[in-house]
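Presented below, as structure tokens, is a lone chain in the form predicted on its own.
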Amino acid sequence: MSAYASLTVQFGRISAMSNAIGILQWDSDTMMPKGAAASRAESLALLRVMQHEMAVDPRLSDWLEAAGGDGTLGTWEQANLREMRRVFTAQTALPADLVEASSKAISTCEMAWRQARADSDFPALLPYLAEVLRLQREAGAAKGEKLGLSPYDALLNDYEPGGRSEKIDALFDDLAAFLPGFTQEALAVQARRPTPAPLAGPFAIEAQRGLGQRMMTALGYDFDRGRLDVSTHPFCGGADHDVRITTRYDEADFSKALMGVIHETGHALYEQGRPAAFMSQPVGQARGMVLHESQSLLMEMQACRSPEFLGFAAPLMREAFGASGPDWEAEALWRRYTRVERGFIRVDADEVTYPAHVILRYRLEKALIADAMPLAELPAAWNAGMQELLGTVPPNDRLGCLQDIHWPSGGWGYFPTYTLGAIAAAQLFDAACRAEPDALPGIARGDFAPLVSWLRTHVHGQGALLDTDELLTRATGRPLDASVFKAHLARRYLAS
């Protein structure tokens, strides 16, 4: 067996372990009884240590060196070898005891977060989150030393390979300067339009679930390789060929669950569309979370808040809830789904104010990883940042610093990919609509196939073959560029 073939076997085993961990984690977040938490934490920690041991197997170093001289490898195989080296380098920076301790701390902290969020009790979460943060700092420092990066950039690199805070700082500072004035303009334009009346509920959860499943099918989700469930925080997870999404329901407002389902379906389409021939290999994985978030936000914000989509969706909404009247017409729904409002909750935010939520989290997590602020001061710093960036302060920590699962679950370095993903989504949707004339007409009749086919070719099916900017340049003609995003906002929110 060649060195490259030996590597593919080993990384196939690592992928199989990831699948097992993914399903156990999904169960932990959806159906596991509370009393099983400690046992599940032990099981996940053991599996993650075993996976880590596979990824740092001493034989990999020799195989990687030998495979580097294999002149028979094609373009995809060479890219796979590059990605294998990236994984090996990052994993060998971490000792097994740190992997185990981090896994256990995360499992414990996630359970504590669910209760603390429900009770709006940050002090109850503080000791558990402090332990997760301590271990994340340790991991960032270890990876940073190996990769020649700052601890924060080393953590960011796990979610966006090649991502650097220096570039993000410049982009986010530009957006932070642009958005307040733009938001004021958008609100002024909005004030001149008829204000849509709130839709009268309650909206039965089963009806919401049925509508969500119908939209998932329209977008192209394969229910033979996934399912829809409920969790405290919506997510997309599972395993290869078993891509599961979750949402949460509010009987007073069906739009939260519906848009959450559409968002997570965008993630799922990416996972279901990865290159089948390399599904279990590093090159067959999603490139990074900037492109992953671009796919969820492309569906949620670009496609499914368009007049074309709401023209298709309006009769289905009326049918689902037995509703009628002018408030349920497509035009009124479009005004409602593109309404700008300074709110507390990131996942419910409109696309104008959404970046401010992300910039806040990015700045805070950078400071916390750098030990530049005490964790105990997070609620106060959060509220001050909300006032500065959005002009509003949450009344309690449940609507503030406790709303997201990312930090309790060890997702430090993830947050900036949301807004970078929104920028990429604008570029990709614009390019898709220009290249595929039937994309928007298809959405208007509930046929997402033209759009999804373009995404399969230019994003999903590319796996990790290219870096983010190279993929965007090939697909859209330019690397990541906020100008298309800003132009999109102006067209949608400033047109009288």
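Residue numbers run from 1 along the displayed sequence. Just so we're clear, the structure is a prediction, and the values are computed from it rather than from any experiment.
As for the form predicted in complex with a further copy of the same chain, it is not shown, yet the points below apply to it.
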Decide if the three candidate residues 26, 43 and 46 all line a further copy of the same chain in the model of the complex, where lining means a heavy atom within 4.5 Å.
yes
Per contact check vs a further copy of the same chain in the model of the complex (non-hydrogen atom within 4.5 angstroms), the hit among 430-438, 465-473, 448-456, 47-55 is 47-55
Sort through 339, 225, 209, 137 and report the residue having a heavy atom within 4.5 Å of a further copy of the same chain in the model of the complex.
225
Do residue 64 and a further copy of the same chain share at least one heavy atom pair within 4.5 Å in the model of the complex?
no
Exercise: residue 242 in contact with a further copy of the same chain in the model of the complex, heavy atom 4.5 Å
yes
With a 4.5 Å heavy atom cut-off, would you call residue 69 a contact of a further copy of the same chain in the model of the complex?
no
In the model of the complex, is there a heavy atom of a further copy of the same chain that lies within 4.5 Å of any heavy atom of residue 488, even though the partner is absent here?
no
Of 1-36, which residues get within 4.5 Å of a further copy of the same chain in the model of the complex if you count heavy atoms?
13, 16, 17, 19, 20, 23, 24, 26, 27, 31, 32, 33, 34, 35, 36
